[in-house]
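We begin with a single chain expressed as structure tokens, specifically the form predicted on its own.
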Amino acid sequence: MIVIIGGGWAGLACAAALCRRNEGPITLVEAAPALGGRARGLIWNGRLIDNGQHLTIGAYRETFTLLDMVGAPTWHRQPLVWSGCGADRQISHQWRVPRLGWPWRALLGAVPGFTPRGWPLPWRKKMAAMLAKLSRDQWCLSRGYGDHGPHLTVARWLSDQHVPQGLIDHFWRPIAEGALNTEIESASAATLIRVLQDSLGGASDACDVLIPQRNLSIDGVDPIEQWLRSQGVQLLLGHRAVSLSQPSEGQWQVSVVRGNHQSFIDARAVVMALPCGPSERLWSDSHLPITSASRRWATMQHRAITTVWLALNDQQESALRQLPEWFVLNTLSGLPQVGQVVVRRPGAIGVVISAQSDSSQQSGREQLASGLALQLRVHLGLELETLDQKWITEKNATWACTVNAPRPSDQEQLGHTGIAGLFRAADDLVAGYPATIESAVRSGRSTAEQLLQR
């Protein structure tokens, strides 16, 4: 028996990879009543929404390989169109990224008629110069900064490149804080450049945006769950793993609680498919010896994400219909920059507030709501207090992709924890990549491969 603790995308990918090799009985234990972790779908007042926002791109190869394998519905694919909404529901800036491989998409972007609309000439020249330099340097900061490259923040990198503040506000800050969920003053420039390499510097479809036709669960998590059940995987939902023990060499026992009932599962190997915080707690509660891997988890910082879903009536939805399916809220003079990205769904919109450090969390919901109300009124002509709202805030939504975030060792990246038979899969184990669905899926597959080799 192999036991996987955690039913997020890392745990699901690990279970699927083990099933493909017919690796004997598998039990997946998930504390929540549903699978998917933070990246799952919800139904709110009959509207299909997600637990937060998770924009996926064509560069997420392993995610969509997994979804294809389990027969998930095809997601809606569209070219990347970076749109900025100004006042009165007007798209004031728009960059339609050509659906061509690198470097042709950059070259075509310089041709009249294909240049970003609404971007002043200094913005266009600076963006072209930055992308050209990144390509020459093979998307590596060390060529310009040496050993200091890995410790360079996004803000410092942009400052050194003399990027106009307007371009930072419209493009660089939203893309960096959305992808890395870390404020640019602390976020790792090297990691952002890795993301740019996979997307802007990737193949013709690498920048495509893929959106579930309904929501993340119906079009993603549920098909994986159904496929795992068809393969004989035992899924224990609403069960919390509280401790691990080794009754004998080469054997593990997982203590599981549901309500007031406690049970034990015997296993020859265990995979902790959990974020850093829950992994640390389970390790401590199990009184396991400290290893270099467990020591790293304890030093990881985290950031919160808030998504505010707003229900729209027919008139409001019609007024916003000309806007893209997702767009950023441009910085406007005198207006607080609270919400960053807006996603339209039938009958609703979701506004994402990411990169929330401890200080921004302490400001509280009232202050966030006050700033968001101003944005919605000026940008979209909506009155926040008159709308049905659903606030989804997770204080430790993702690990902070700062320049000081400890890098996983080579062994950790393969899923090893330092104790034989005990593995881990999580989105912080893909070195040089931020917390995404793709990094979780990659880690789950990698850990499964190591377990199979064992």
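Residue positions are given as counts along the sequence shown, with the first one as 1. Note that this is a predicted model, so its numbers are computed, not measured.
The next section is about a form of this same protein that is not shown, the form predicted together with a small molecule.
When the small molecule is considered in the predicted bound form, P275 lines it closely, a heavy atom lying within 4.5 Å. Among heavy atoms of D388, none comes within 4.5 Å of the small molecule in the predicted bound form. Of the heavy atoms in L329, none are within 4.5 Å of the small molecule in the predicted bound form. Contact annotation: G37 falls within 4.5 Å of the small molecule in the predicted bound form, judged by heavy atom distances. Here the marked residues G7, G11 and Y60 all reach the small molecule in the predicted bound form, each with a heavy atom within 4.5 angstroms. Partner contact region in the predicted bound form: 234 to 242, out of 182 to 190, 70 to 78, 234 to 242, 343 to 351, criterion any non-hydrogen atom within 4.5 Å of the small molecule.
Distance criterion of 4.5 Å from any heavy atom to the small molecule in the predicted bound form singles out L55 from the list I419, L42, L55, L414. A single residue from the set L158, L376, I305, C85 has any heavy atom within 4.5 angstroms of the small molecule in the predicted bound form; that residue is I305.
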